[in-house]
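Taking the form predicted on its own, here's one chain by itself in structure tokens.
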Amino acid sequence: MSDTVRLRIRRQDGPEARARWESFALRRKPHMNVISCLQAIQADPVDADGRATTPVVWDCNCLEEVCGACTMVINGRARQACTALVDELGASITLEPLGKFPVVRDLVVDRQVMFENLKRIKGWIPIDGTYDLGPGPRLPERERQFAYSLSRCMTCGCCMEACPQVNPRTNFIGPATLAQAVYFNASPTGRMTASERLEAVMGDGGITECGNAQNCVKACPKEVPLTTAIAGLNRATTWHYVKNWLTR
């Protein structure tokens, strides 16, 4: 195994700046991940040719694949830098920002669209907090397990990056948002506003934009059952439409 790790990083000084590539050579250390490589470059920002440069800019927070902040494209695959181990990636590593989101700088992108999409589908349970809610209703174990699997979404953007329907020609809100509509509608309390979420996902950029490529479920690092959720949402929106047509 080589004692040197080489990183080829796609860099961009700002949203309107032209992208460029820079290469770095680092001494391999035990148990390195991509974050530790970026930290080493930050401590000594010198490229592979020995020229001084600026530190690479990236996002991170939890360092345990929970927050999704460090998501980037690593060797052609969208994933989290904190769990991308150098020993598994090889001696040459390519880092790029996610391609489906606006670049802020270097490997940092603006994922605001995902949070705006959660607002569209009312990704919350409305309670006023003025009274004791008690333990809440119990869910059957099968429903609870499915809801928990949906709750693991960390809004990292991997599914958006992998989805061919997320592109400049569509307003598709993406698989993560659709699955979160299912998650909140699965809650006994959330069902009070389920029809509002269904109306939202039936609108522009909603579930009809899904092309069923199924790339999303393969790309998800938390194994969220996205295609299962979207299939259930298809049934729910169809029934919601028929019910509204019958009662109008």
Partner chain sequence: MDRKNIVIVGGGLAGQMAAVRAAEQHFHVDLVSLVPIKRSHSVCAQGGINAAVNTKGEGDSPWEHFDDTIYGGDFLANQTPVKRMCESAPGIIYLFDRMGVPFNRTAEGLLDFRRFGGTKHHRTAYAGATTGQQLLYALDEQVRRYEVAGQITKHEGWEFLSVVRDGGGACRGVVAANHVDGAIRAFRAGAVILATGGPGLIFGRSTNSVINTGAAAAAVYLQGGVYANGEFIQVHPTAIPGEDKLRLMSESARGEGGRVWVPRDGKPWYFLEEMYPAYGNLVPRDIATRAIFEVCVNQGLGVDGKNQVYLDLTHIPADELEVKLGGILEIYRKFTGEDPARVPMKVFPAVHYSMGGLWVDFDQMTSIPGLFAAGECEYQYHGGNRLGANSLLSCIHGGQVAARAAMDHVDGVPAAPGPDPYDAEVRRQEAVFEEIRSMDGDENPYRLHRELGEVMTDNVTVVRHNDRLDETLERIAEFKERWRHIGPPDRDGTLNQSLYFTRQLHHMLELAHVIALGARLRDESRGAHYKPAFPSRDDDRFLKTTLATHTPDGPRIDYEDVDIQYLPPRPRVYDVYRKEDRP
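Just so we're clear, the structure is a prediction, and the values are computed from it rather than from any experiment. Residue numbers count along the first chain shown, from 1. Note that the rigid core is defined as the largest set of C-alphas that superpose within 1.5 Å between two forms.
Below, we refer to the form predicted together with its partner chain, which is not included among the displayed structures.
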message: Just to be sure I understand the contacts: of 195, 42, 208, 212, which is the one whose heavy atoms reach within 4.5 angstroms of its partner chain in the model of the complex?
response: 42
query: Here the chain is shown alone; which of 162, 93, 118, 73 has a heavy atom within 4.5 Å of its partner chain in the model of the complex?
result: 118
- request: Using the partner position in the model of the complex, report whether residue 77 sits within 4.5 Å of its partner chain, counting heavy atoms only.
  value: no
Heavy atom of residue 83 within 4.5 Å of its partner chain in the model of the complex: yes
- prompt: Can residue 154 be called a contact residue for its partner chain in the model of the complex at 4.5 Å between heavy atoms?
  reply: yes
message: Taking any heavy atom pair closer than or equal to 4.5 Å as contact, tell me whether residue 100 reaches its partner chain in the model of the complex.
response: no
message: Only counting heavy atoms and a 4.5 Å limit, does any residue of 34-71 reach its partner chain in the model of the complex, and if so which ones?
response: 35, 36, 39, 40, 42, 43, 44, 45, 53, 54, 55, 56, 57, 58, 60, 61, 62, 63, 64, 65, 66, 67, 68, 69
- prompt: Is residue 134 one of the residues whose C-alpha moves 2 Å or more between the shown form and the other one after the core fit?
  reply: yes
